[in-house]
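So this first bit is one chain, no partners, the form predicted on its own, shown in structure tokens.
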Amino acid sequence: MNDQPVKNDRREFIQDGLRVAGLVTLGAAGGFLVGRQGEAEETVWQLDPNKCIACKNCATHCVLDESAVKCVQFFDMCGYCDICTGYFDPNYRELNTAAENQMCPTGAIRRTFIEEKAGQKFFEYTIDADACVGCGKCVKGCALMNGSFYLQVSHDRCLNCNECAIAVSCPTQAFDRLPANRPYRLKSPALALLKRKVKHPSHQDARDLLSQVYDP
């Protein structure tokens, strides 16, 4: 399968404001959150991406057959790299989207050509939440570069168990409970970027996301 160019250039993707692939997943939790507005005493499970080491337990210890933990992408931290260490297996054969070249065991990352500038190619990487199993292989790989991939509990899937089986098994104790009306976390650099964006009137998408993000 070959990468197909798209008309939009990389600058449009970057300047259009905060674009988080995981926002689709976060938005799906709308129904979950609406019934909990103003009920600060209600809490949900979430993991702290600043503590997460992508140990793979999220993929195997959830009580659900398909883990409620999914990878999300924070585009403002992404380098749109040609050789993405979160996408390509370290032993890749060619720089294309063939399955044998991909880090993700389920092919949940979509690689789309954006533009070529000064001889350098730029690609967008997005997450297919339905295909993602929460193994964190891409997160560990991406940590070698910009670290724009990270794991989060998806609340349109999570059963909010009294005792989370993944939390019990987490080697870094990255799981705790957050207010149900702010059930998501960002890495510290991502949160700082988001806060800077909300100061500009044009970035309503950033304000919408910040309204769902826990800020300790």
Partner chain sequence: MPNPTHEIPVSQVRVLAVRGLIAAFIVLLAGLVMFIVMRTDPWSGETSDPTTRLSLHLTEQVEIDPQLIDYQQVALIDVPMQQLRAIASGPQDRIYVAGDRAIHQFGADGEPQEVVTLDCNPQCLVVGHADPPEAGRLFVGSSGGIRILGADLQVLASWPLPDENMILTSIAVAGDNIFVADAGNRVVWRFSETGEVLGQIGKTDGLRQVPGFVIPSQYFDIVAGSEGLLTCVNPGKLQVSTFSFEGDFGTSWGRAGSSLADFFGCCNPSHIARFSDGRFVTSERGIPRIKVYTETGELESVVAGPQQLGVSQRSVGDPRQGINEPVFDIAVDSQARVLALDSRSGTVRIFARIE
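Note that the structure is predicted; figures quoted are calculated from it, not measured. Positions refer to the first chain, counted from 1.
Unshown form predicted together with its partner chain; subsequent notes refer to it.
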- With heavy atoms only and a cut-off of 4.5 Å, decide whether Cys132 touches its partner chain in the predicted bound form. no
- Message: Taking its partner chain as it sits in the predicted bound form, is Lys140 in contact with it (heavy atom to heavy atom, 4.5 Å or less)?
- Response: yes
- Message: Taking its partner chain as it sits in the predicted bound form, is Asn146 in contact with it (heavy atom to heavy atom, 4.5 Å or less)?
- Response: yes
- Message: Within 4.5 Å, heavy atoms only: does Ala108 come near its partner chain in the predicted bound form?
- Response: no
- Query: If we check its partner chain in the predicted bound form, which of the residues in 76-115 reach within 4.5 angstroms of it by a non-hydrogen atom?
  - Reply: Gly79, Cys81, Ile83, Thr85, Pro90, Asn91, Tyr92, Met103, Pro105
